[in-house]
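Encoded as structure tokens, the following chain is the form predicted on its own, with no partner shown.
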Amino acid sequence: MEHAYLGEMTDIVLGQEFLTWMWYKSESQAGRFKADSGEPFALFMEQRVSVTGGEGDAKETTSVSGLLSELREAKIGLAMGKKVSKALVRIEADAEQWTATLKAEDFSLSSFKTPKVETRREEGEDPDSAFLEKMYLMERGLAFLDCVFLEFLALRFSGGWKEEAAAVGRWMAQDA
């Protein structure tokens, strides 16, 4: 039997709101975001999204996946009151791309992929260069996610959230 930890419900609600808002925001502004430094990057939710609604035995989950899927069934689930519980996100900056699956219940990342790092070394090259480049790319990808989360938190706990939530509601109802 699973036991809820203190604050689990808060985390789930905030995580679901974050993923739902991120999906809305990525579609409404064509994936365009800006890092704290002003560096533009793109974030898209695609290929795989799960939405969950209900509680206990009445809990229902709809997972939609597909390479060129518009995720319409998941959007219909949102319009029916379900919340995004898990999503695959793709981040692009310059010519690089990161992907990760985010879970709403604990903000965990899985399947985190960074741009490919060249592992063949040239003569005299630092043997740690590939490792250091991989760490740099991981930090860079996570920093983009942090920027989006901070933007969400600033809006979520501001007076503008009511208006934003109404816009998210209209977006969810538009494809239902």
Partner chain sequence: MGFLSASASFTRYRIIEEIPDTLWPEIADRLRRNAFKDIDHTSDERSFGWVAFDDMLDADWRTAPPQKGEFITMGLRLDTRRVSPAVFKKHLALALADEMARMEQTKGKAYVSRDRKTELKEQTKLRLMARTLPIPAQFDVVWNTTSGVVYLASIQSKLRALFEDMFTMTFDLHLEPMTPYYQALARLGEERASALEDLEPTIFV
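Numbering follows the first chain given and starts at 1. Everything numeric here is computed off the predicted structure, so don't read it as measured data.
Just so you know, the form predicted together with the partner chain exists too; it's not on screen, but the next bit is about it.
Novice: What is the one choice in 42, 148, 64, 142 with a heavy atom within 4.5 Å of the partner chain in the model of the complex?
Specialist: The option sitting close enough to the partner is 142.
Novice: Suppose contact means a heavy atom within 4.5 Å; in the model of the complex, does that hold for all of 20, 106 and 131 with the partner chain?
Specialist: All three within 4.5 Å in the model of the complex.
Novice: Tell me which stretch of 26 to 34, 111 to 119, 43 to 51, 56 to 64 has a heavy atom within 4.5 angstroms of the partner chain in the model of the complex.
Specialist: Selected range: 111 to 119.
Novice: Tell me, yes or no, whether residue 87 is in contact with the partner chain in the model of the complex, where a contact means a heavy atom of each within 4.5 Å.
Specialist: Output for residue 87 is no: heavy atoms all beyond 4.5 Å of the partner chain.
Novice: Mark residue 71 yes when one of its heavy atoms lies within 4.5 Å of a heavy atom of the partner chain in the model of the complex, and no otherwise.
Specialist: Output for residue 71 is no: heavy atoms all beyond 4.5 Å of the partner chain.
Novice: Does the 4.5 Å heavy atom contact test between residue 78 and the partner chain in the model of the complex come out positive?
Specialist: Within the cut-off, so yes.
Novice: What residues in 132 to 169 sit within 4.5 Å of the partner chain in the model of the complex, counting heavy atoms only?
Specialist: 132, 134, 135, 138, 139, 142, 146, 149, 150, 153, 156, 157, 161, 165, 168, 169, in sequence order.
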